[in-house]
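Have a look below at one chain only, the form predicted alone, in structure tokens format.
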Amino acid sequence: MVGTMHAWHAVNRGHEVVQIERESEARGASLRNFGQIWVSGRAGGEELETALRARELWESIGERVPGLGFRACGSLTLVRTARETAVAEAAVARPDAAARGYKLLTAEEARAVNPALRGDFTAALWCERDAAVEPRTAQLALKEELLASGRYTYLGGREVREVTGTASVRDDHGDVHTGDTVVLATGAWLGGLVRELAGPDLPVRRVRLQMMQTDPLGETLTTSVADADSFRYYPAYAGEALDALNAGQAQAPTAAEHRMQLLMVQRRDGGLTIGDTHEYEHPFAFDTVEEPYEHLTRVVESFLGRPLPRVRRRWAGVYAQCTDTSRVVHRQQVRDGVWLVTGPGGRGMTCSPAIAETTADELNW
């Protein structure tokens, strides 16, 4: 998605673009995510500004490209205990709370916003600015719109192997592509040419996660949903209240072992995308394990007050994250006319339009 958004901005500024993709179509983190445009948990300052700008861009692009499935659904983070509520209260007291659309709702108010939540919780942190798109089809929809411009060429099933000169690369078919700028938006692919160009000290790591998707729920989940464990993984919630939560209320053992939070989004077909876990140590496991899925099922069912529909898909994904997690992205000139843009972490889907716009502005496209 980061690469496609760079193509989007370049084409819309009048340039011709050749997009080279390793697979026939994108198959990495750009598809294996929640499709959330997630403003609520972003750190104040540059990260929040990037997310808010990206939210504006997603909405405007969604008006042009209905296939994105953009919807301004907002999110509810559900809380049950006094310590969890204190973190939500601290979030609402932030000076940038209005920009995020934060509001603390009672359980009754939250159910009025999202009637599918008939289970057990005491309050909810509402974030009006959160939104969602369809991750499995968004990149394809953007590609179709770009192709219609007449200034965009998509070359799938090719891999860039060599920088041959200023803004010039050779792919594994032996073809050389030369332009004014080359952007290497390599996602979690950090070896090979990336290592050669950026060196062994590239400040980016890989993170693995597990997720699942259900059959249709049979009713509308009007917002994205998170649990209070998500407070532990997003910088917006850092502070004394979160410290008290971490010190006085342990995560469930499975959630702690797999560094878990609940995030849940309904897809256009009615199914639920549910996750996730975080694994940082290499080498990653090649298999998925059941305990995280069982934990997520229990949490979701407790919030919905009903059994979860049949799980029809389970998967793992890997994304690239700056080792300095306060950085929105790693953007580096690695050769004349050649830029590496990677490492947005879990912000990739949310922030990709603004990340690409910043590249375009900095390079005077």
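Every value quoted in this text rests on a predicted model; they were computed, and no experiment measured them. All residue numbers are counted from 1 along the displayed sequence.
Another form, the form predicted together with a small molecule, is not on view; read the next lines as being about it.
Figure note: of the listed segments 225 to 233, 144 to 152, 99 to 107, 204 to 212, the one touching the small molecule in the predicted bound form, with heavy atoms no more than 4.5 Å away, is 204 to 212. Proximity of Ala7 to the small molecule in the predicted bound form: non-hydrogen atoms within 4.5 Å are absent; the residue sits far from the partner. By the criterion of a heavy atom within 4.5 Å, Pro353 is excluded from the residues contacting the small molecule in the predicted bound form. Although the partner is absent from this view, Glu23 contacts the small molecule in the predicted bound form, with a non-hydrogen atom inside 4.5 angstroms. Although the partner is absent here, Ala360 lies well away from the small molecule in the predicted bound form, with no heavy atom inside 4.5 Å. The contact residue chosen from Ala185, Leu245, Leu117, Val182 relative to the small molecule in the predicted bound form is Ala185, the criterion being a non-hydrogen atom within 4.5 angstroms.
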